[in-house]
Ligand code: GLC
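Only one chain is included here, represented as C-alpha cells and corresponding to the form predicted on its own.
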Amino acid sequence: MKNILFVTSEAVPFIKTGGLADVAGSLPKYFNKEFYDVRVILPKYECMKFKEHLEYISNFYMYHNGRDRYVGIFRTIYNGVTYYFIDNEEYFSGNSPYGDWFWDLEKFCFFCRAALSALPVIGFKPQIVHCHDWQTGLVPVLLKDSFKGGEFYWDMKSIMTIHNLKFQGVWSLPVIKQFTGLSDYYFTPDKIEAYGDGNLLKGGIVYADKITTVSSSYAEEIKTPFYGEKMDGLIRARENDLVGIVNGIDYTDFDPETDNRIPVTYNVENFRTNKKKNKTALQKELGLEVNDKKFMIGIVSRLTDQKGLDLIACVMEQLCWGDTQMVILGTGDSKYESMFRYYADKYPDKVSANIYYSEDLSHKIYAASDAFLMPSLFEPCGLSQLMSLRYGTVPIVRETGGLRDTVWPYNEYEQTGTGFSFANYNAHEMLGIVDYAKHIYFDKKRDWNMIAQRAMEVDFSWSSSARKYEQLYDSMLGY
C-alpha cells in the first residue's frame, strides 16, 4: 500500500473559497484504494461545515513563534477518504479561512509544522506528502530541515502543486524567519529569499522532490516572464521535475442526467430537445424574454481582470446585439459588478446580472446556456469550462493554460472540436469568435449540436486525473 498525504488549506465539502478546495476534496476519492491510501489534512476552521461530524483524536503542545501552542487533532471519514483537522482556536477562528495577509502567513506556518508533527500521533506515515499552494509551501522545507533527522520522517518525499503562481506567501525576511523558525541558512536567493523578501511558495518549489501544476500548458507558460510571476527562472531550473496534470470535475456532482438542481434533466441522447427547456425555465426565473431561439451566453466567474472581464467590458454593447442574451453570476471588482448591472438595467430582456454566488443558479446556467464565455488573461486550469462541456454548453475561451488543454477549437471543414477559441488578448478578436459561434448556432444548427455532443462525450472526470497522479507517485517511489 502506498501512503499519500494531501496537505491543504481547504477542501470540499468542509471549506471552500476556490478551485483548490475542489481538487483537495474530490481527487483523493478517485485513487485506486487497493493500492493507494490517500488521506487529507487541513485546518479545523471555526467557519467550516460539518464540524459536528468530527471525532477528537488527541492533542499536544508545539513550540511556534515564541511560545508553546495547542495542537488538537480531529478526524472524519467522508466518501471513503480519511480527513484530519488541525485545531487551534487562536489561529483558525473567524468567519473566513483567509483574511489579513500578515495573520495568514503566521497561521499557515503554524499549520505546516503542526501537520507534520501530528503524523506520529495519528499513526499515519506517508511515503509522499502532497502540498498545495503557498499555504503549505513550508512543508517541503521542513522535511529537509528539522524533520529530516527523525526516523519517522527521513524517507518522506514531497510534491508541491502550484494551483496559481500569482499567490506566493510573501513578506519581509525578518517576519518570514520568525514565522517559519528556520535558520539564516535558508534565506538566500537560491532558497526562500526572493527579491529581498521571504517567499513561502518559493521554498516549496526549491525543496519539493516534484512540482506539478494543474495543466500542461500552464506548466510551460510559467517558464516565461509574462506568466512566471518573477519565478520563471526558478521554474526553468526545475523543469525536469515539473509535471502538468489537468484538473477534473466530479462527474457525480456535475451530471445533467441526474442533477436535481436543474428543472429538466438530459443526456447526450436527448439534449437537443430537453436542454432548451432549461433555457426557457431560466429565462422565466430571471425575467428575460422567454424564447428558446435566443443565443444565451453564460458567465459564472469571479469578476476580475484575470478572468478577461476588461475584454468583455470593451465590447459589451456589441455582445448584446442581435438575438443574444447574457446571464452573469459572480462577484468581484466593483467596476465589473457595476458594468453588468448597468447593462441589465439597459437591456432587461437580454442581460441578467446576478452579483452574488449560488451553487444552484450556477448549475442552472450551465444547463440552460448555449455557450459559455471564458476569455481569461491567464488560467492555470479552470473548472468552469469543464462544467460547461459536461452540460453540452459550448465554451468560448482564450487559448491559455488549462483552457487551451481542455477546449478543442471547432473546425467546420473537418467537423471536429468541442468549443471555440481565440489566441490574442484582444477584445475584438474575442468578439469575432463570439460572432462566429453565433453564425454556427443560427445558420448551421446541426454542426452546433454535434459540437455540443462531442463536448458532452469528452472525459474530464477526476478518474482520468487520478490515473496520472498515480503514475507520478509510482515513478517517485521506484515502481
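Given the structure is predicted, the values throughout are model-derived calculations rather than measurements. Numbers follow the displayed sequence, beginning with 1.
The same protein has a further form, the form predicted together with this ligand, not shown here; the description that follows concerns it.
Stretch 375-383 is the contacting one of 262-270, 375-383, 98-106, 309-317, since its residues have non-hydrogen atoms within 4.5 Å of this ligand in the model of the complex. Taking a 4.5 Å heavy atom cutoff to this ligand in the model of the complex, the contact residue among Arg302, Lys346, Arg75, Lys157 is Arg302. A single residue from the set Asn278, Thr180, Thr406, Asn247 has any heavy atom within 4.5 angstroms of this ligand in the model of the complex; that residue is Asn247. When this ligand is considered in the model of the complex, Asn164 lines it closely, a heavy atom lying within 4.5 Å.
Though the partner is left out of this view, Leu20 does reach within 4.5 Å of this ligand in the model of the complex, counting heavy atoms only. In the model of the complex, this ligand lies farther than 4.5 Å from every heavy atom of Ala368. Contact annotation for Val214: at least one heavy atom lies within 4.5 Å of this ligand in the model of the complex. In the model of the complex, this ligand lies beyond 4.5 angstroms of every heavy atom of every residue of 270-296.
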